Ligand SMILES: Nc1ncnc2c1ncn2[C@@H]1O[C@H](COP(=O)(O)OP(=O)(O)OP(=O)(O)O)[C@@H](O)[C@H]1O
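Single chain ahead, written as structure tokens, the form predicted on its own.
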Amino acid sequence: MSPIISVSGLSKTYASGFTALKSINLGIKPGEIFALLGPNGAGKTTLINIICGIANASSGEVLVDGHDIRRDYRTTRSLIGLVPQELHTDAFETVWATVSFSRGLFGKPKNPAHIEKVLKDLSLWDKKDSKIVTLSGGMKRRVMIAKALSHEPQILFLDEPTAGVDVELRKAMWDVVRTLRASGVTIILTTHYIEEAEEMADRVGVINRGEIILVEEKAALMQKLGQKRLKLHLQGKIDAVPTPLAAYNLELAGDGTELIYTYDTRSEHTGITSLLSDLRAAGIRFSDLDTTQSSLEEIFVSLVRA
């Protein structure tokens, strides 16, 4: 299956000499949710803006559904919906008017039924006659998503879509995202809420200092790069880790009632068997144990610090 977005050798250097992107190569699959993660200033928004035709690349090529974003700008732009970080909309227009106007900007014929569906899906229907200026920050964010969906795009970019949105509205938004993906829309999102990427994404890309440092299926990424923690619940409290166990780099937790052993899932030998043997030899008994996998956030932090 050909990628719906294909980025090849993409670079961006500003007049000041600052290089925001360095030879980016990336393919986005049709119908997937792709999470682009990176610290502030990593190049996430610059990359999105170039794909969406808002900014120009210094070099490289971007194809959207086989169309070059520069030669076929109108075609590619009509395939894309963009929800930017900033809340830009006419404060004194009604919700209905501003969303309908956005559809018209793409040369689409009026379709009140589609606008109604979008507003209802985003829980905005009861606000359709309200002026934007009267809405909360979360509701304004929903209006931005409605505007992006007004012209029925095949691809939706969500640049920090839940920034400033309360937990309840955030969950409702992700229900909408799941529905869109189920209907065949390809979704690319950036987020600082890494738990959202962990829950929602099919694949994860990590960008840092203008370079893509990793693209991986989410499950495979966590399997390959994740560490596991073995937590031992001790039968009695200890004040310190015995010296003979120092090589295991154990962490004493739970006010001295827990020992935590961290090991690499990729290693041929985890060391658990020898640890348990050495614990017995040291006279330390435990009543229970459990394991946990590193979260995507922990993996992300380890990658950008590398």
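Note that residue numbering begins at 1 and tracks the sequence as displayed. Fair warning: this is a prediction, and the values are worked out from it, not measured in the lab.
The same protein has a further form, the form predicted together with the named molecule, not shown here; the description that follows concerns it.
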{"item": "Options 242-250, 25-33, 275-283, 42-50; stretch whose heavy atom lies within 4.5 Å of the named molecule in the predicted complex", "value": "42-50"}
{"item": "Single option in Ser130, Gln154, Asn111, Gln85 placed near the named molecule in the predicted complex, where near means a heavy atom within 4.5 Å", "value": "Gln85"}
{"item": "The unique member of Glu211, Glu160, Glu116, Glu198 whose heavy atoms fall within 4.5 Å of the named molecule in the predicted complex", "value": "Glu160"}
{"item": "Residue contact check: Leu10 to the named molecule in the predicted complex, 4.5 Å heavy atom", "value": "no"}
{"item": "Residues within stretch 7-27 having a non-hydrogen atom within 4.5 Å of the named molecule in the predicted complex", "value": "Tyr14, Ser16, Phe18, Ala20"}
